[in-house]
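Below you'll find only one chain, the form predicted alone, shown as structure tokens.
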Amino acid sequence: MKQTSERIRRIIEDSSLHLCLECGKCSASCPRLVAGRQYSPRLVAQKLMFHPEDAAYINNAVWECLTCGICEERCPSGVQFCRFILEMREALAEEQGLLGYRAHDGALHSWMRIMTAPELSQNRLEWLTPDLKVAQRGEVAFFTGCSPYFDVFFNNIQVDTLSLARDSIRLLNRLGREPVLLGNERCCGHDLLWTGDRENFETLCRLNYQEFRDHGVKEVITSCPECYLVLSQYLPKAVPESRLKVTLLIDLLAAEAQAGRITFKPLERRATYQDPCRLGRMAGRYEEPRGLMAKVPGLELKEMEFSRQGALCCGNSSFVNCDAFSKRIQVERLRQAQATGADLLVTACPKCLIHTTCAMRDPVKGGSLAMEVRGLVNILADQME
């Protein structure tokens, strides 16, 4: 990167990086810097535009970013820093083979690449219980995501992300829907996309789209924010002929609740809510989760010090940079949750569930961070009349 290439110039322009005012608002709000890491989106922009010869710093900084989007929220110039990071990672991966540090020795990214094999045969529906009604063909499908694999991989922390899938289908059944469930569904590819592996990401998109077509699917419902982001925004770019309607489950539930078609049993608990980055800052869903929680009688919502657009992320994205600084972010977020006086932490993202649970079980903290953490769909499924 001794001289700025045409591709880099295009990335700078597309992400409006040249509009950076060097005001420092991005740096002051960046979770990495707040956690003690010397990291500054402003400085990354400055280095790339005016000191491209400092390639070692630039390359490392591109992989340090959590892509949580809070810098974009604070930026007065509209710099699209997450887009910049996404495109830079793709460029570094393609041109230099740089992939950054990947948590768990890249095991999760490896299973995602395994899923790109067209001939792959999976046994991924064993989690279905007899009370869940699903179809083999139809116009509406439920996209499960990687929960069947997460629960195996993270068995040591006893996380239960599959309960999110079960309760999502349970909720759809109570709405009178029996969604198609695909036995050969692949990972949505979110983590490959955000770690620069565009080729394998697009392969997953094409394979998933073909599965949808083969089963007559026209609408895909998902409860995972990352799956929703990919299926609604990035799959159509990889598969231009796609006309799939993508629905977020909480949007469907919020509309039904608003119309008075669903009601909930009381739950006398004090809860606080963790805004997932992909659901909040990237998809703009702040009120829908809170509105649904407000429909549960007795469930009191206590907001953390930083919430909605200013919410602190769970400390990790795409299983990159899971380090001591990520742990500090998680610890700080859990302390903010405890400070509300709540005894229940609610989130709408399986990875927030994984990362907060992992931090709680840190033996060094001696259980001081422990509190119950549940998915929003779990609570709604339990309490729906």
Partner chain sequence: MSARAKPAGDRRAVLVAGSGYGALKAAEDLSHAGIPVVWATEAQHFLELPPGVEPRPEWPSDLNFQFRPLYLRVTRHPLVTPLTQARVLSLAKNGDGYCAVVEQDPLYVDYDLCTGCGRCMEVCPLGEGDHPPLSRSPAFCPSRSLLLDKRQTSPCRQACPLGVNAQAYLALTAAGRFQEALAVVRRDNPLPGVCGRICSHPCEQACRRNELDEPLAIRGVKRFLFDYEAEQAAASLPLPAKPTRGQKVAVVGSGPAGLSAAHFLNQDGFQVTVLEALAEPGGMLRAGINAFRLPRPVLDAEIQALADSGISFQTGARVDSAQALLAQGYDAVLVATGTHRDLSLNLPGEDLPGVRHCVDFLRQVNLGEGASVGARTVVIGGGNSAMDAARTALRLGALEVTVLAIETEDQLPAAPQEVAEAREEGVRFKLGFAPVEMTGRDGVAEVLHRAAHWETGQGRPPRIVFDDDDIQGTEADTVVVAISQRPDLDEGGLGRELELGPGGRLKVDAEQAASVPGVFGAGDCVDGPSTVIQAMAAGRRAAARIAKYLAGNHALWPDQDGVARGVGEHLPIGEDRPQEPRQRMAQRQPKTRRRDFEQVELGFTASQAMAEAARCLQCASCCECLACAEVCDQVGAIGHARTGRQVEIDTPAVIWAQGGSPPWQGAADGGRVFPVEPQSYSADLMDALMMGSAAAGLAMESAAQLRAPKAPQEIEPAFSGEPLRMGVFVCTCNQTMAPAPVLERILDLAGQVPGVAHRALVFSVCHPQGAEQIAAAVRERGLNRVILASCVCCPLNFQCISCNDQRTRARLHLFERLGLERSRFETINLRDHLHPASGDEDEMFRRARDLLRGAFIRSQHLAPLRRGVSQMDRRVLILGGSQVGVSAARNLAMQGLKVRLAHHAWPSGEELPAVIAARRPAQGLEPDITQVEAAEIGGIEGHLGDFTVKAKVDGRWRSWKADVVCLTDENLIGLSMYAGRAGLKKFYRYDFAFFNTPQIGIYRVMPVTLKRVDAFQAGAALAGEVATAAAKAYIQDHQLSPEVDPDRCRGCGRCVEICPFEAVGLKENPDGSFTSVVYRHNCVGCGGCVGRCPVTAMDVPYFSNRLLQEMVAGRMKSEAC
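In this text, all values refer to a predicted model and were calculated from it rather than measured experimentally. Positions refer to the first chain, counted from 1.
The same protein also exists as the form predicted together with its partner chain; that form is not shown, yet it is the one meant from here on.
The closest non-hydrogen atom of residue 13 lies beyond 4.5 Å of its partner chain in the model of the complex. Residue 241 falls outside the set of residues with a heavy atom inside 4.5 Å of its partner chain in the model of the complex. Taking non-hydrogen atoms only, residue 323 approaches its partner chain to within 4.5 angstroms in the model of the complex. In the model of the complex, no heavy atom of residue 306 sits within 4.5 Å of its partner chain. Between the options 135, 117, 157, 175, the residue in contact with its partner chain in the model of the complex by a heavy atom within 4.5 angstroms is 157. Checked against its partner chain in the model of the complex, the residues 61, 45, 358, 342 give one hit for a heavy atom within 4.5 Å, which is 358. Of the stretches 242-250, 77-85, 98-106, 177-185, only 98-106 has residues with a heavy atom within 4.5 Å of its partner chain in the model of the complex.
Annotation for 34-68: the only interface residue with its partner chain in the model of the complex is 37 [heavy atom within 4.5 Å].
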